[in-house]
Every structure is written in structure tokens, then in C-alpha cells.
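Shown here is one chain on its own, the form predicted on its own, set out as C-alpha cells.
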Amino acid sequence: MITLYGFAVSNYYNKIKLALLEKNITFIEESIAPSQNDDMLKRSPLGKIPFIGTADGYLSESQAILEYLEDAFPENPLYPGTAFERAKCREFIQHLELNIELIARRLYKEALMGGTVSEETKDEVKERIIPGLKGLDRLTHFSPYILGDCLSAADVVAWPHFGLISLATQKIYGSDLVADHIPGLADYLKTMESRPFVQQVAKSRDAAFKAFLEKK
């Protein structure tokens, strides 16, 4: 049995939850916030979420978790069949998370959490994120999923990230930079949102985000 620790406001938590559901892996959820207490640090070295509990121990970092799930539960694979196709899937994920999401999250403090971000930071993020999105578009082949005709790990990662980045850029810049630079995004999101497990994750995310905002 897998235990998924974290909370549904996190796009990285939702990435793992969606993977668990799509792979039909039995799991339970335990709501927990990031923390620096000793118990948390024994399970997640930097006190971050998400992390999982397994029969063999705890595992943190969402991409390591995703690949562990693929290795440990090979049924319902999320990675393609050939070595090159699997590498292209990992290339897409790494590009999205390192060159786009990691940059965009500097906006979340103001866009999502009621704080403020300097104009300098906003300008720098925009300057860096647009080339990242253009690069991601070169890796994308909507037909109808991101890398072809089958759902893959790339989709499991992209869907939660796209939603948060789109929301943040709309609030900060008045324009959805993801949709602006990735043609075909709207149809892709409709395809993803027609999937029952995506709907399930989205429902939990929306409820968690509403509760989070009410506490602020």
C-alpha cells in the first residue's frame, strides 16, 4: 500500500496523485504541510511535500516518485515502449519543470497566496518563461495527448503544472502565457479534463484551494 503525503493545493502532489490513479495503484492520502520538525525530516529530507510511504520506506521528490511507481508497478505504463521515446518523455518533463515551472513559481506568492512580488521579479520571470514555453512547444505533438495518441507521464506532469502556471500568469500579466505560446492547448486541456481521474484530481484540488484561501 502506498501512502501519499501532502495536500491537493500542490501541483506536484496532484502530479503524483494522478499517476497513482491512472496506473490503478491502491493508495491512501494523508494531508500534511511542509515542515522542519524532526519527524517530517526523517521522511522527507528537506521537509517538502509530496512524499510517499512504501513497504520499503519513504521517498521524496516528485519525479523520483513518478519513476519509482513506473518501475514498481509496471502495469498500466505511463512511459512509452522504446528507450528513445522514454527519453523524449523525460526530456519534456525536465524542460517543463526546470525551465518553466521552477521559474513561474516565483509569481505564486502574489498570484495565489496574497503576497507581493517585485516588478523586477515579474519582468525577469516573463523574460525567462516565454523562451521556455516556446521551447516546450517544439517538443509537443498534440494528437491528442502531448507526445502522441496515448496518455503518458508527460501528460500526468503537464496538466497540473499548466493549470497553475496559466492562472499565475493571467493574474500577474493579464494574459495566459501558456496558451499564448503553446497553440492547441485549449483542445488538449479539454481532452485531459474528459478523463475521469483528471476530474477527480481537479475536484480535490479546487476544494483544497478554496479551503486554503479561506484560511488566509
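Start at 1 and count along the sequence shown; that's the residue number. Quick caveat, the model's predicted, so the values are computed rather than measured.
The same protein also exists as the form predicted together with another copy of the chain; that form is not shown, yet it is the one meant from here on.
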* Quick check: do Glu91, Gln94 and Arg138 each get a heavy atom within 4.5 Å of another copy of the chain in the predicted bound form? -> yes
* Asked: Of the listed stretches (41-49, 151-159, 24-32, 175-183), which one has a non-hydrogen atom within 4.5 Å of another copy of the chain in the predicted bound form?
  -> 41-49
* To do: Determine whether any heavy atom of Ser60 comes within 4.5 Å of a heavy atom of another copy of the chain in the predicted bound form, and answer yes or no.
  => yes
* With the cut-off set at 4.5 Å between non-hydrogen atoms, does Pro131 touch another copy of the chain in the predicted bound form? -> yes
* Asked: Does another copy of the chain come within 4.5 Å of any heavy atom of Ala87 in the predicted bound form?
  -> yes
* **Partner proximity in the predicted bound form: Ala72 to another copy of the chain, non-hydrogen atom cutoff 4.5 Å** => yes
